[in-house]
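Taking the form predicted on its own, here's one chain by itself in structure tokens.
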């Protein structure tokens, strides 16, 4: 990643994605709404589990969100399951999120090696792509350095990355807590790599590579300690058991760098616009208060 580091260091003192987040946060707060059109939610709304139900669900949510939110996070899998027609709806949603001047954080969790990562990076971060997002989630488990094509593309397109570091699901603990040396776990190693990279390109501010850290994960506080200068996507509010009080405590040292995320707890309030809009407002305000 040395070439990418040099380009970034010469171009600016703070990553463009981090700067856009900081500016929006001042006006709209830190909350990130997950746009997860699952079969269960579509059925709960009385919608058919098909492309038209998918589109109606998504644009009802976006209409309710209006200009309240800093970030909206579509989960790509729920669109992909409908094939090309579902992807077309995802393209529409990404454009609609940008029209609302929110950040489109696409939850795709891609991660491979070499030219495959390059192709993924171009698909989701290149300004010419119809699937272009402001940031995406990526998996580092083929090696942190294998993410170099994503990092380079993010630099070129002034976008961001969120590396899955610490999830709250119990199945992830064995891998995430495994030791890469006698005194360093996989989680700690990833935190150090993200922190060091961000310091090298944005030594006085927040860098372009963020981390995904689950709110309910047992090691959340110590993980956040190792992520100086990095944005943190913190999923888990609501249906996954995360609470606003927990949010403020576990992210105490990074309050201005956290994007707390929730999906089902908000989206279950649909399909009527009024309760859906009110739930979005409450999550935004409670997140803002917890992280103020």
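Numbering follows the first chain given and starts at 1. Remember, it's a predicted structure, so these values are computed and weren't measured experimentally.
Beyond what is shown, the protein has a form predicted in complex with another copy of the chain; the following relates to that form.
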| query | finding |
| --- | --- |
| Contact stretch among 154 to 162, 193 to 201, 86 to 94, 217 to 225 - heavy atom within 4.5 Å of another copy of the chain in the model of the complex | 86 to 94 |
| Close approach of residue 99 to another copy of the chain in the model of the complex, 4.5 Å, heavy atom | no |
| Any non-hydrogen atom of residue 103 within 4.5 angstroms of another copy of the chain in the model of the complex | no |
| Touches another copy of the chain in the model of the complex: residue 129 (any heavy atom, 4.5 Å) | yes |
| 4.5 Å heavy atom contact, residue 205 and another copy of the chain in the model of the complex | no |
| Three-residue site 66, 246 and 263 fully in contact with another copy of the chain in the model of the complex at 4.5 Å by heavy atom | no |
| Residues of stretch 149 to 179 in contact with another copy of the chain in the model of the complex (4.5 Å, non-hydrogen atom) | 164, 165, 167, 169, 171, 172, 174, 175, 176, 178, 179 |
